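In structure tokens, the next block holds one chain alone, the form predicted on its own.
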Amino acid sequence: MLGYVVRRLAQSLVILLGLTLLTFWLLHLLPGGMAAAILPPRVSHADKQAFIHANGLDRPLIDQYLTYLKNLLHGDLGYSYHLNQSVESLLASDLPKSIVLVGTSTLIAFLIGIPLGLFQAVRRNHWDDHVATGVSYVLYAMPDFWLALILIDVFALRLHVLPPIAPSGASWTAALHDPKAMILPVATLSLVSIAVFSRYMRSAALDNLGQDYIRTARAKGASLNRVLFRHTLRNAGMPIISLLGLSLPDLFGGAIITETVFNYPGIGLASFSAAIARDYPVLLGTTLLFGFLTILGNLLADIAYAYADPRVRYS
């Protein structure tokens, strides 16, 4: 197991190095160079040259890349002249808020989607399975922003039972102090994830329910609950392990839309605001963060899968 983890970790580090090359390349693809993209349009030529020299943009590219790597290792992701603060301080402030939103949504989706998928597998081709399948397809196909607007229209504007705006405190604890305002943002992310988890779980459970070991267990007198939760869930849950890891970047990507619609001050809203303001250092910092989350999600999924299935670690 240790050898497998070391191999996967080494592969992830190589991919992460490639990600730094990509972000460094994007820095130098900005129209007019990084100086022209960051500085005001009417900056003087002398000030522009001073900025280029101060940031080492007149040095060879290999030297600039090594400096970029050194800064990344020290947690320096650049400086936002638009917000007048470092990118790492912005991420440190906003990322915990997004983790609260995404983490809560994922937990709710997992606790509802997995049992729902098992229920649909047991009730295959019955009316309730067809209803759940139809709702899942609708939620899976619906854009996040459209679902968010529907929830706001129904529960905030028509029924007046929930606020249309998420908590906007400076700390992530604001979500804990005003949980009612978190219901609609969490529901937006959760409903789509529930549809995904339930569909995967239903398909995997159906594959396992038709296996010989399930028929043998039933023939020996094992109850349906024992067969489902002791035998079927253990084997059918394997694809869900990979799905959880691979859905990590998707959930944070979906949070960009959700946070923007509900004005939730997380990393998603910061990314959207940076795109509107053409704040390239923040955009590149969040790009690096989302890329890192993608690599981390794949790594955690592979390790968890190898732990659950010993055959994987020896392959």
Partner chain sequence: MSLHFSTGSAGREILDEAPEGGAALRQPRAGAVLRDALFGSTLGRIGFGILVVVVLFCFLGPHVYHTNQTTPAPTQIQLPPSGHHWLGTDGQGYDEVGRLMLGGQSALEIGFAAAFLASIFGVVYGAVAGYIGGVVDAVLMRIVDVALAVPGLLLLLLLASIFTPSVKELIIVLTAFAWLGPARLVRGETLTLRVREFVQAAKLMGAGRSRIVLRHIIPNALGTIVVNTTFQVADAILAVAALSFLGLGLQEPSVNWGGMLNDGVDYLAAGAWWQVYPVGIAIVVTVIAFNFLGEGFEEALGVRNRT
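Numbering follows the first chain given and starts at 1. For clarity, every value in this text was computed on a predicted model and none was experimentally measured.
The form predicted in complex with the partner chain exists for this protein as well; it is not shown, and the discussion that follows is about that form.
- For the partner chain in the predicted bound form, the listed stretch (157-165, 175-183, 119-127, 221-229) containing residues with heavy atoms inside 4.5 Å is 157-165.
- With the partner omitted from this view, the residue of Ala36, Leu26, Ala50, Leu57 that lies near the partner chain in the predicted bound form is Leu26 [heavy atom within 4.5 Å].
- Checking Leu61, Val43, Leu30, Leu69 against the partner chain in the predicted bound form, a heavy atom within 4.5 Å turns up for just one residue: Leu30.
- Residue contact check for Asn263: none of its heavy atoms lie within 4.5 Å of the partner chain in the predicted bound form.
- Though the partner is left out of this view, Leu107 does not reach within 4.5 Å of the partner chain in the predicted bound form, counting heavy atoms only.
- Of the heavy atoms in Leu22, some are within 4.5 Å of the partner chain in the predicted bound form.
- In the predicted bound form, at least one heavy atom of Trp146 sits within 4.5 Å of the partner chain.
- Heavy atoms of every residue among Tyr140, Ile276 and Leu284 are located within 4.5 Å of the partner chain in the predicted bound form.
- Residues of 244-259 that come within 4.5 Å of the partner chain in the predicted bound form, judged by any heavy atom, are Pro249, Phe252, Gly253, Ile256, Ile257 in sequence order.
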